[in-house]
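There is one chain below, alone, in structure tokens, taken in the form predicted on its own.
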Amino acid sequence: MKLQLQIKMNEALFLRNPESSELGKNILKHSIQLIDRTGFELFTFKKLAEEIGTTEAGIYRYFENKHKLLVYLTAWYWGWLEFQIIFQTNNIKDPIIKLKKVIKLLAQAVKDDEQTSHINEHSLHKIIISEGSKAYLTKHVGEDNKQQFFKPYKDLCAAVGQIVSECNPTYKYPKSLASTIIEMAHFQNFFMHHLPSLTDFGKEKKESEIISFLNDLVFSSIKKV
């Protein structure tokens, strides 16, 4: 039996809950498609409105600006990923096996989740890799943080950090290592495809190489294999 997927979103991110209407769900669905296709810099609400067949004013009723839409999408993804980690490691008792499973989940390609017909997780994962850091690398990150926009990301890091601590309770940097694993999984994927000289993964571009690298990095750090 599958666990019911429920992701609670910060209400400060939207003016009207996009999950509450077909237009709202279409905004999420088509914004993912459009950002994946054109990149966040070229993404506009005008283009999104044309894609959906609605007006810009209709989109602005849901989101104040495109930055908040991006933060919404990244926060949704982090919440979804934490759910996947909890669900897929629930019956694993050995913390080392559990941590290796988490590393694999972070580094491997994401398949679309049939439970969320208006969110394509495969495309959203690609956006996280190429655009996700733009959600918090801003001048107003402090104010956004006060509004708890990044809580889903912090919760994910805390969950991974807890597993690190289970592997080695004396390790002093579980949260730092957790955020490093998450970011490195995405940066190395991006580098592998776009700046390959920054990696050691060669021309084959295999995710398994990133997984091997992260396992080596993590377990060398916590010194408990």
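Predicted model, so just to flag it, every value in this text is computed and none were measured. Numbering starts at 1 and runs along the sequence shown.
Just so it is clear, the following notes concern the form predicted in complex with the DNA, a form of the same protein that is not shown.
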If the cut-off is 4.5 angstroms on heavy atoms, which of these, 162, 168, 44, 176, is the one near the DNA in the predicted bound form?
44
For the spot marked by 133, 155 and 182, is every residue within 4.5 Å of the DNA in the predicted bound form through some heavy atom?
no
Any of the heavy atoms of residue 16 lying within 4.5 Å of the DNA in the predicted bound form?
yes
Taking heavy atoms only, is residue 65 within 4.5 angstroms of the DNA in the predicted bound form?
yes
Residue contact check: residue 193 to the DNA in the predicted bound form, 4.5 Å heavy atom:
no
So, in the predicted bound form, is residue 56 in contact with the DNA at a 4.5 angstroms heavy atom limit?
yes
Heavy atom contact within 4.5 Å of the DNA in the predicted bound form, the stretch among 185 to 193, 29 to 37, 45 to 53, 168 to 176:
45 to 53
